[in-house]
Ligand SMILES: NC(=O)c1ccc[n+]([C@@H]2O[C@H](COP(=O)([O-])OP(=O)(O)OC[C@H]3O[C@@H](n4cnc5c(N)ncnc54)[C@H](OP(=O)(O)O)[C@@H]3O)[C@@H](O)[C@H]2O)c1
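First comes one chain, alone, set out as structure tokens in the form predicted alone.
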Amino acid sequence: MRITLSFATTADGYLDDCSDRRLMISTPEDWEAVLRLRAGCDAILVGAGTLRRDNPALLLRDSEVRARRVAAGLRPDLTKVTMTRSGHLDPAWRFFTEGDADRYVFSETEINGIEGLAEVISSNGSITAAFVATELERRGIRHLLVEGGAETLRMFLDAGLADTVRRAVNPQLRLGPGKGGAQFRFEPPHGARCTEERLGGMEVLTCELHPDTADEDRRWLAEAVREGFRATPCASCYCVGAVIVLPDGRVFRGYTHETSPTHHAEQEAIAKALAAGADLHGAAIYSSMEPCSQRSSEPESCTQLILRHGFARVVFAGYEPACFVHCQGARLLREAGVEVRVYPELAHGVQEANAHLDRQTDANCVH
């Protein structure tokens, strides 16, 4: 998943004022650019506080964009997402009543009154950016746009999950002490690729925090998927392939049960790398399926192995279906600061390699 943060502030860093009316910070030209940005995303997320304060509809306004989405088999509007701790949401908000869109609500508590309006996703604890990103990705979201408020923006930034940040500042608008609501400041980290432009009087800074590695990722991931076909089909586990790429360029491969009837593909590749004296810190591992998060036949899950050996990146094609366990590998890796990328367009090879399992257990699996 790619995650973009987009926000506008006053010259002194405020996202809004203290009034009960929405503060218009952006100029018409900047607002048009934001709408174009929305059109390139799959989903848009704002916190429940933003819904209470501004009551936004979060719609796509361009009729041609809406028509293209429908032609592609999508709903006309972006998927709408919000998060709440209290669970106090008003079903009359425009988030729920306007637009033709899927809607997800992440909640730490039980919610009443929005049945049939949105899918409620319970966190069973504190909502984290990693949990939100993983659950949305499981539901097919590839590009998420986060628009606020301040706490929500900070959550994704602090978790290291923001790929792009778009900051628009209105230099002509200044609130002063005591007149502003939420304040949010963003300073580009060292090494970020940033561009600046003036747009209708707004000073717009766009920073790429993580490079787009999609081409390289797909190349190595396709090799991992091919490795999965080397595994002997088994009724109790998946046929998975894995490829490790070290910072020094060395490559190690493995597949399920290659040397042991209890080894997963990631274990096999890691064992080969360690036998060669490799330091795995900063390495990338490409696995055809989400690394497992719990094991009964081994003392450590693949997720635990990846974390213990200091991998920097994990790339996989398909989330593990809930046939044997409810895997939480992607979430746990993200929460530990590991970069996770998923390319479901390569998952057809994973499904083909595991067709025997689909036939045997399909009635008991959640795909």
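On a predicted model such as this, the values are computed, not experimentally measured, just so you know. Quick note: we count residues from 1 along the sequence shown, nothing fancier.
The form predicted in complex with this ligand exists for this protein as well; it is not shown, and the discussion that follows is about that form.
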### Query
Is there a heavy atom of R85 no more than 4.5 Å from a heavy atom of this ligand in the predicted complex?
yes
### Query
Hey, in the predicted complex, is I3 touching this ligand, heavy atoms inside 4.5 Å?
no
### Task
Examine E227 and determine whether its closest non-hydrogen atom to this ligand in the predicted complex is within 4.5 angstroms.
no
### Task
With heavy atoms only and a cut-off of 4.5 Å, decide whether A150 touches this ligand in the predicted complex.
yes
### Task
Specify the contacting stretch among 304 to 312, 327 to 335, 47 to 55, 66 to 74, defined as having any heavy atom within 4.5 Å of this ligand in the predicted complex.
47 to 55
### Summary
Checking V245, L205, A182, L199 against this ligand in the predicted complex, the residue with a non-hydrogen atom inside 4.5 angstroms turns out to be A182
### Query
Which residue among E137, E223, D102, E108 has a heavy atom within 4.5 angstroms of this ligand in the predicted complex?
E108
### Query
In sequence order, which positions of 1 to 38 have a non-hydrogen atom within 4.5 Å of this ligand in the predicted complex?
F7, A8, L15, D16, I25
